[in-house]
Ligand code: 4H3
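Encoded as structure tokens, the following chain is the form predicted alone, with no partner shown.
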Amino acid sequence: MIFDIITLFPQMFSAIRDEGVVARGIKKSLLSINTWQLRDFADNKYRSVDGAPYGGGAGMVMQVKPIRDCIAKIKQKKPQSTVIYLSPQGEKLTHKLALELANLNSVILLCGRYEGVDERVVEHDVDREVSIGDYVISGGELAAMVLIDTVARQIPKVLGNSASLNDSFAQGLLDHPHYTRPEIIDGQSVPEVLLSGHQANIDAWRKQQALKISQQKCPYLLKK
């Protein structure tokens, strides 16, 4: 899978390109990340890509032409790329959506800054808007990294152990509790069932705990 990222801060993506699950996926040639500096598509000597908003108001708005030209450049080689704008107005990034996006061959991620992008880009150049939550961050770069990480996990063979995919939300519930050595620490013990060696009882306990935790923390999951 190919991620092409349009951004004013391409250096930020070294955080996931060089470390962790995404980096391992890149080393396995299962995915790739290309960053595109939007200022390279500016048509002025100051490399400015934003302008004051019509109608007044605070902040600046990212202009149509640099974004449109950058998208066109990327699509010269990957015409079927899906353009996703990271926006607080978009559909929520969920496990279901991550699975859907993982089936795509190439994605263009547009990272907004300032007050966002000119609405004409959203209307005519963007295929989908995606939000990572009901809050605002300083730009789309962090949101793009979250999207890349959660989608990359769903690509076959990116994770070393496919069983690792059976975590929160994969089965419609939150994950069950996990424990490791030592068996007792500061008077706190590992639940006896996990030490029993009886796999059926362990599986039943884990399912019960997943239901309990989901009811306490995300009851809407049980309603689904």
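All residue numbers refer to positions in the sequence shown, first residue = 1. This one's a predicted model, so the numbers in the text were calculated from it and none came from an experiment.
What comes next is about the form predicted together with the ligand, which does not appear here.
*Asks:* Would the ligand in the predicted complex be within 4.5 angstroms of a non-hydrogen atom of every residue among 86, 115 and 136?
*Replies:* Every listed residue reaches the ligand in the predicted complex, so yes.
*Asks:* Residue 130 near the ligand in the predicted complex, any heavy atom under 4.5 Å?
*Replies:* Close contact exists here: in the predicted complex, residue 130 approaches the ligand to within 4.5 Å, heavy atoms only.
*Asks:* Residue-level contact is defined here as any heavy atom of the residue lying within 4.5 Å of the ligand in the predicted complex; does residue 107 satisfy this criterion?
*Replies:* Answer no; every heavy atom of residue 107 is more than 4.5 Å from the ligand in the predicted complex.
*Asks:* Just checking whether residue 145 would be counted as a contact of the ligand in the predicted complex - the rule being heavy atoms within 4.5 angstroms.
*Replies:* Close contact is absent here: in the predicted complex, residue 145 is far from the ligand, nothing within 4.5 Å, heavy atoms only.
*Asks:* Would you mind picking out the stretch of 115 to 123, 149 to 157, 71 to 79, 99 to 107 that comes within 4.5 angstroms of the ligand in the predicted complex, counting non-hydrogen atoms?
*Replies:* Selected range: 115 to 123.
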